[in-house]
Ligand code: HEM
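Take a look at this one chain, the form predicted on its own, written out in structure tokens.
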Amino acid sequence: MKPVDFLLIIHPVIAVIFVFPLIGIVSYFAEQTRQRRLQTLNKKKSNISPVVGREHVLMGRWLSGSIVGVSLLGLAYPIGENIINNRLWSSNLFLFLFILIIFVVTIAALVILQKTRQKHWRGVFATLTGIGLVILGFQDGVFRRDNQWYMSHFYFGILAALLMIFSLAILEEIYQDCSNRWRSVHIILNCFALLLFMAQGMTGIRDLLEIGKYKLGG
């Protein structure tokens, strides 16, 4: 394995070591939070710690940010490789600068989204983060499997990341809405996201093998 090949596996390594354990932790806290809320509504004494909801929110923020971050990292390698191979700074300076700006703006928007509480600003920075992620995803060099989008690691990953961005954007509404409408939306979408994460484990391994064979000329 060449030193540059280690850059290819950073994305899956971080996903396995950091992101997937977080998915398990957040799922556990989500179930505990739901059980405590139901017990409280039924006037039952709960043995579940009252801080479980706060821990769920904290870990959820970490998970959402990590998924978007690891998606950007996964896109950075093929986009960077394409830039270097085609000497994009010489052949198309505008596109080169545009890609760099989109990376910076997307990361900055994600950081601000994590911190802001105002509804309209959450909407603005969630939109910027999502648009940036999609624009970067459709740059040359990214392995998308467009002809098999229904079983594509790329499309599953982008959709999962967009769901995480949406979860961050509606977080305040979940705890302010007495009708639990936003809470129900959150539960449904994140159950779907959980299925996407499971699919990512399989499609990611498959695509990594195919990309490796392609680089070896097989």
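So that there is no doubt, residue numbering starts at 1 and follows the sequence shown. Everything numeric in this text was worked out from a predicted model, so none of it was measured.
There is also a form predicted together with this ligand; it is not shown, and the following applies to it.
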item: Ile83, Arg87 and Lys119 all contacting this ligand in the model of the complex, non-hydrogen atom within 4.5 Å; value: no
item: Leu162, Val185, Ala30, Ile48 - the one with a heavy atom within 4.5 Å of this ligand in the model of the complex; value: Ala30
item: This ligand contact in the model of the complex: Gly201, any heavy atom under 4.5 Å; value: yes
item: Residue contact check: Ser71 to this ligand in the model of the complex, 4.5 Å heavy atom; value: yes
item: Partner proximity in the model of the complex: Phe98 to this ligand, non-hydrogen atom cutoff 4.5 Å; value: no
item: Partner proximity in the model of the complex: Leu75 to this ligand, non-hydrogen atom cutoff 4.5 Å; value: yes
item: Partner contacts for 196-210, taking this ligand in the model of the complex and a 4.5 Å heavy atom cut-off; value: Phe197, Gln200, Gly201, Gly204, Ile205, Asp207, Leu208
